[in-house]
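Starting off, we have a lone chain in the form predicted on its own, written out as structure tokens.
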């Protein structure tokens, strides 16, 4: 997806919030959008998600399925959590059975099972944000756009956000996420766009954050645990694939899978690899 010479202002003679923005994000890439409050980060994300149309310029190659989570979930709606998510599943084009399965999966995973029959206006900000994340993930998005997704979340869900981002990128989706809390450390290897005075620039990662890509073969039955441990250590999972040729040190008849990771460990000057 590319934003081509995008300009945006909210009033005809108002100030430009975005100016001459020309950036792109590819399949499987994660981009963190940085900048002070009020500089246009949310506007940039809304243009990328299709919520706002540029005043000038255009957005090309936006994936068909976009998951959009605003900084403040609009909870002033007369629905229970369950009814709202079911309706959003239908909007996303899921059939009733697929919708029910997706709602069950994401309410369980995000700790919303006990809130399914609670009306949206009665939710706390953090719980409402979980509902927003759930609706964005009901159908696997080709583009996931998260505006300050860590705001108001409990510790367990804050830890889950990078895992969700990893899963989207590993499946070939693109992710844009804004961050002013310093949570970027949870997303090693992500690209960085900085917004200042309406201008978007891309910065190179600091030299001490260089990473290596490592393939690790593990017994297939232990893939989930291995992936969880690697993520807990700050590594970025690129993909998991079946490994047709098991390494010689695996027991005979044991199937294996290869986990490809982008490690968060810095590469030393002597060329030392990541763990």
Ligand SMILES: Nc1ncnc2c1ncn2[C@@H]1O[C@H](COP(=O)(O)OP(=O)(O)OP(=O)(O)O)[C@@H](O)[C@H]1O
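Every value quoted in this text rests on a predicted model; they were computed, and no experiment measured them. Residue numbers count along the first chain shown, from 1.
Heads up, the form predicted together with the named molecule isn't pictured, but that's what we're talking about next.
In the model of the complex, the named molecule sits beyond 4.5 Å of every heavy atom of residue 214.
Within 4.5 Å of some heavy atom of the named molecule in the model of the complex lies at least one heavy atom of residue 17.
Within 4.5 Å of some heavy atom of the named molecule in the model of the complex lies at least one heavy atom of residue 71. Looking at residue 36, you'd find a heavy atom of it within 4.5 angstroms of the named molecule in the model of the complex. In short, of 217-225, 40-48, 58-66, 23-31 it is 40-48 that has heavy atoms within 4.5 Å of the named molecule in the model of the complex.
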